[in-house]
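Below you will find one chain, with nothing else, as structure tokens; this is the form predicted alone, and questions on how it binds or moves follow later.
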Amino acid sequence: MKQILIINGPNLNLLGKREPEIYGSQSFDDFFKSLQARYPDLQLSYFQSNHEGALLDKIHSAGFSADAIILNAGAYSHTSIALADAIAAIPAPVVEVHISNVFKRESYRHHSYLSAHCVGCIVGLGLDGYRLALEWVLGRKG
């Protein structure tokens, strides 16, 4: 059974309430339940924090045991060298996900410090980006 961890960063605890025209109206908890139902043979877990250090600690603790991490670091994608270093330090592949199309937004969102250390990046496909990341994990060898 594949062990996959989804990590969400700052403000993503407000999904369903926060700027629904950008992020949609579904809470992540509800979306996560639908993923669990769709993929009953996966060991899916979920972690969210608004604190960079907590995200670092979770990547460190899971990155040596999980088969993959799906990470939406939110605004930390554009600012955190520490998260980039954490991703580079672990053997688990990390797929970067952004709900919105960051390239259609403010210019400071066009660069991610994380992308260079991730196996791939899914941008602008809404919550479905997480499902697509899961499908990639399921299809990869090893």
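Predicted, not measured: the structure shown is a model, and the values here were computed from it. The first residue of the shown sequence is 1; numbering continues from there.
This next part talks about the form predicted together with a small molecule, which is not shown.
Checked against the small molecule in the predicted bound form, the residues A75, A89, A37, A116 give one hit for a heavy atom within 4.5 Å, which is A75. Distance criterion of 4.5 Å from any heavy atom to the small molecule in the predicted bound form singles out V102 from the list V102, A62, L56, L44. Contact annotation for R18: at least one heavy atom lies within 4.5 Å of the small molecule in the predicted bound form. Using a 4.5 Å cutoff between non-hydrogen atoms, P10 counts as a contact of the small molecule in the predicted bound form.
Across the options 48 to 56, 79 to 87, 28 to 36, 66 to 74, residues that bring heavy atoms within 4.5 Å of the small molecule in the predicted bound form belong to 66 to 74.
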